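Below, in structure tokens: the form predicted alone, a single chain.
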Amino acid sequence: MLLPRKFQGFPEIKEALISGRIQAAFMVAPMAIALRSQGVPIRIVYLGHRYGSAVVVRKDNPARSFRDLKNKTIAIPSRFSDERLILFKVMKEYGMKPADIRMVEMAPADVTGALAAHAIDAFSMGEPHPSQAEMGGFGRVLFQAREHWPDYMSCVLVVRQDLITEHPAIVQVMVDGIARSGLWLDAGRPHREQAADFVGRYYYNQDPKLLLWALTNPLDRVTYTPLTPFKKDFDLVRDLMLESGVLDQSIEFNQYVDPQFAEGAKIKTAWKYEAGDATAQ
């Protein structure tokens, strides 16, 4: 039986994976790559979503481009995050240096309050925090990550190698389920409305209106297809990690990604589900 478990942060997920208390998890791609390079027996088998991260400033901030954030304080969720890497990528585009901005690590749940209280000038985070700042009336998206990083990805599904070796069918069931959910979510607004209502009330304990904003404003703010791990995408993440100092040695795609399950999921179709049904088929 697959039993989901909620964690408050990526460090706790990391420790649970290392100790074997959990066998699979969603985590940010750079952390997964770093753990594998350190010898932790995990593999990336699928993506969680594409896009869905943004740099947000206060609504009254006059900044109109990233260059305007020079000498400002920007919160990131972790030094092992794509949200940190997007800052390095954009700095390179503008000819800026890491010393030109002040990055502070902050728990995602705290960033919107810190922005509203003027404790930080901006944050680089995944959803639903950009949406929360917008809905609260005090935040403004300076840019979406996809504007500077085509095919941007953040969360990935990692699985311990012992589960892959001993129970590959279970891993395939997980990947198939995520693939079918992604196809269902990307089928149109009504499905996203249903997902925001159900997940907001029963899983995240958040206002469904917030999740609806993140899923529909616009509809491709976060996308759930394609979720196959592609080498070119991960090579970019790895190279940015090396450049920004969070990876001390290069690691090749086939050392931390196991593509067999994504290949198996390509034949899957979207779930058949409507609001009020007891099950999805």
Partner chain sequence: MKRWQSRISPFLTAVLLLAAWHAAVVWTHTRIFPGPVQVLAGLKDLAGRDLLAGYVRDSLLRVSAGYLAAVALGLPLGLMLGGSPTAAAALNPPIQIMRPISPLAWIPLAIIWFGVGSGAAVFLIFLASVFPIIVATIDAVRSIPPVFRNAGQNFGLPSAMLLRKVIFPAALPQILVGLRIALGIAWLVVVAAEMIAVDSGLGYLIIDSRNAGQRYDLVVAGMLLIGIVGVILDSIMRRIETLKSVRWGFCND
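Positions refer to the first chain, counted from 1. Keep in mind it's a predicted model, so treat the numbers as computed, not measured.
One more form of this protein should be noted, the form predicted in complex with the partner chain, which is absent from this view; the next part is about it.
Contact with the partner chain in the predicted bound form holds for none of Met135, Ala145 and Asp233, as no heavy atom of theirs lies within 4.5 Å.
Taking Ala187, Ala119, Val141, Met96 one by one, only a single residue has any non-hydrogen atom within 4.5 Å of the partner chain in the predicted bound form, and it is Ala119. Between the partner chain and the residues Val90, Met106, Ile164, Ala196, the one pair within 4.5 Å by heavy atoms in the predicted bound form involves Met106. Picking from 57-65, 234-242, 33-41, 251-259 the stretch near the partner chain in the predicted bound form, with a 4.5 Å limit on heavy atoms, gives 33-41. Residue contact with the partner chain in the predicted bound form: Thr269 places no heavy atom within 4.5 Å of it. Of the heavy atoms in Arg79, some are within 4.5 Å of the partner chain in the predicted bound form. At least one heavy atom of Arg102 is located within 4.5 Å of the partner chain in the predicted bound form.
In the predicted bound form, the partner chain lies within 4.5 Å of some heavy atom of Ala114. Annotation for 171-189: no interface residues with the partner chain in the predicted bound form [heavy atom within 4.5 Å].
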